[in-house]
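What follows is a single chain, given as C-alpha cells, in the form predicted on its own.
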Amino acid sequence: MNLKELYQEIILDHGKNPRNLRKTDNFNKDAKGHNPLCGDKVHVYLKLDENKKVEDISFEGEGCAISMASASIMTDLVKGKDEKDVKEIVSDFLQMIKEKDEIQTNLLKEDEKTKLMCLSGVKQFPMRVKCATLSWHTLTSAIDRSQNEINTENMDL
C-alpha cells in the first residue's frame, strides 16, 4: 500500500466511523464552528481537569468526509494532553495545512503524525482547507473562549 492509499484509508475510516462523536458529560468549555460554503457544522466539547489537561473531548456535527475525519483525528490526538501542548499541536497542524510539508512537533508519536499528515493533501484544494481546519479553529476558540461560533467565511485561512 502506498502512502496516498494509506492516507485515503485513514480519512475514509475516520469519516465513516468518527471517534468521539458525542457530547462530553460535564464539559467545561465548548465552541461551535460553521463552514457556510460547504455546510460543515461542528460543536466541540472539552473537559479540562484542574491542571488544564484534556480529560475528555468530543464533537457533534455534520459535514463532508474531510471535516468529519479531521474532527475525529483531532479529538483522538489531543485527549490526555495539557492545554499548552494542545495549542502547540493545533498551531503545527494549521501551519502544515497552509504552508509546511510536515508536522514538526515532537509532542506526537509517528503514527499520530501520520494521521495528521493524511489531511495534508487538502492544500491542493483551497476550498477543502476550511473543511479540514474548521474543528481545529473551533477547539482553539473553546480553549480561549474567544468566540461563540467560528465562521470560516470570517477567517483568514
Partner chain sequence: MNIDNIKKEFPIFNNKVQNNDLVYLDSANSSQKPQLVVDRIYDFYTKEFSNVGRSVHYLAVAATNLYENTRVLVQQYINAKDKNEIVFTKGATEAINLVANTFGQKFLSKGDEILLTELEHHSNYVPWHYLRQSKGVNIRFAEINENGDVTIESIEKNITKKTKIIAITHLSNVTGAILPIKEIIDLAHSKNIPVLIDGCQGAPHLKLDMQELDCDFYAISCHKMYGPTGLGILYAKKKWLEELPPYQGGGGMIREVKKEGITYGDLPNKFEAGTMATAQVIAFGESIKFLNKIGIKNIEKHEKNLTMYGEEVLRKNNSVKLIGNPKNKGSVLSFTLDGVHAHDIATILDEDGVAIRAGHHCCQILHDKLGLSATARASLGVYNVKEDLDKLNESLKKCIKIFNG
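Numbering follows the first chain given and starts at 1. Since this is a predicted model, take the numbers as computed values, not measurements.
From this point on, the text means the form predicted in complex with the partner chain, which you will not see here.
With respect to the partner chain in the predicted bound form, the three residues Lys16, Gly63 and Ile66 uniformly fall within 4.5 angstroms at the level of their nearest heavy atom. Contact annotation: Cys38 falls within 4.5 Å of the partner chain in the predicted bound form, judged by heavy atom distances.
Proximity of Arg128 to the partner chain in the predicted bound form falls within the 4.5 Å heavy atom cutoff. Interface residue remark: Leu12 is counted as part of the site for the partner chain in the predicted bound form, having a heavy atom within 4.5 Å. Stretch 39-47 is the contacting one of 110-118, 87-95, 39-47, 23-31, since its residues have non-hydrogen atoms within 4.5 Å of the partner chain in the predicted bound form. Residues Asn2, Leu3, Leu6, Tyr7, Leu12, Lys16 are the ones in 2-25 with at least one heavy atom within 4.5 Å of the partner chain in the predicted bound form, listed in sequence order. Relative to the shown form, the Cα atoms of Tyr7 and Gly63 move together by 3 Å or more in the predicted bound form. Panel note: the distance between the CA atoms of Ala65 and Tyr7 is smaller in the predicted bound form than in this form, the difference being 3 Å or more.
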